[in-house]
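Below sits a lone chain in structure tokens, taken as the form predicted alone.
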């Protein structure tokens, strides 16, 4: 019996869509070219932080805030099904000014966000260090964002993979889809390893590998890899409760004692190199922000390939062919936007509903240009 839906791509976006479709009663298959959740989702820091360094005027801002509001319920749901805790943390984020330019910007964007009804508390230098004692004594102040949270992205992916399995979703790893199969203007399935797999709907959620697959449906969208290098140190006895953010780096404490430091933004194709220069820049910036990091042991380095588009915004919505749906190009916001993307795509498939706020993120914006 053919599935109601095939989700191509087993990252946080694809698995979240599969979860929501399965909960809606559909028979779902996920096809993943490698292993579930081991690409950009695995590499991510897991920050749920739409407010940091933004005035709230960006096109993606409203969607990001809405998706953040869904996250506690989403995590509770996934944990209750899977039994695996994604370690959601709600201590907030502290953005730290380390120079006069930072301090000047902090006088602008927090007030803009407060006008939107969002919490953004401007702190003196003393109050910044009282909130987080690990912050450098040279800091000039900070902005505390109590609603910008974090989770462990790797544990989220483990939890999602277990949850969709328990909901009866068929997961096929090591299965690269080569073509979207169609009859006229209607998609009927996908082709993989010379075999045609039929389904009532096909959802493309293949991250930075989406362009080639979408081209088989005569849809030309440039989704390219944006490499992000990161590292982790063993925090030992270093006391750090919240995500710390400067203009050069973010520092993310985990419950297991590790501290994540990231991330670069590089356009180097599909290269997965972790470079000495990038590690040096990240460590230097992290030590400037929290000097005690200098004494911590480096325990891991890695990189991920974020899916970027020409306007740095995701492509979410129905494709140009019947039964084709697209959820890709989430760039730096894949973890954050997963619950909302899954909700929207499921609504389109089950109810045929396309929310007005999603329409600006459709594929049409590229062809009209």
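Residue numbers count along the first chain shown, from 1. Here the structure is a predicted model, which is why all the values come from computation and not from measurement.
The same protein also exists as the form predicted in complex with ligand FAD; that form is not shown, yet it is the one meant from here on.
Visitor: Even though ligand FAD is not shown here, does it sit in the predicted bound form so that 20, 319 and 350 each have a heavy atom within 4.5 Å?
Guide: Judged in the predicted bound form, none of 20, 319 and 350 sits within 4.5 Å of ligand FAD.
Visitor: Is residue 333 one of the residues lying within 4.5 Å of ligand FAD in the predicted bound form, judged by heavy atom distances?
Guide: Yes, residue 333 is a contact residue.
Visitor: Would you check, heavy atoms only and a 4.5 Å threshold, whether residue 34 touches ligand FAD in the predicted bound form?
Guide: Output for residue 34 is yes: heavy atoms within 4.5 Å of ligand FAD.
Visitor: Against ligand FAD in the predicted bound form, would residue 26 count as a contact residue? Criterion: heavy atoms within 4.5 Å.
Guide: No - in the predicted bound form, heavy atoms of residue 26 and ligand FAD never come within 4.5 Å of each other.
Visitor: Do residue 205 and ligand FAD share at least one heavy atom pair within 4.5 Å in the predicted bound form?
Guide: Yes, residue 205 lies within 4.5 Å of ligand FAD in the predicted bound form.
Visitor: Given that ligand FAD is left out here, which of 97, 259, 290, 263 has a heavy atom within 4.5 Å of it in the predicted bound form?
Guide: Comparing distances to ligand FAD in the predicted bound form, the residue within 4.5 Å is 263.
Visitor: Could you check which residue among 65, 324, 313, 305 gets a heavy atom within 4.5 Å of ligand FAD in the predicted bound form?
Guide: Checked against the cut-off, the match is 305.
Visitor: Using a 4.5 Å heavy atom cut-off, which of 205-213, 77-85, 100-108, 135-143 contacts ligand FAD in the predicted bound form?
Guide: Looking at the partner contacts, the answer comes out as 205-213.
Visitor: For a quick check, can you give me the residues of 169-186 that have a heavy atom within 4.5 Å of ligand FAD in the predicted bound form?
Guide: Contacting residues: 175, 176, 177.
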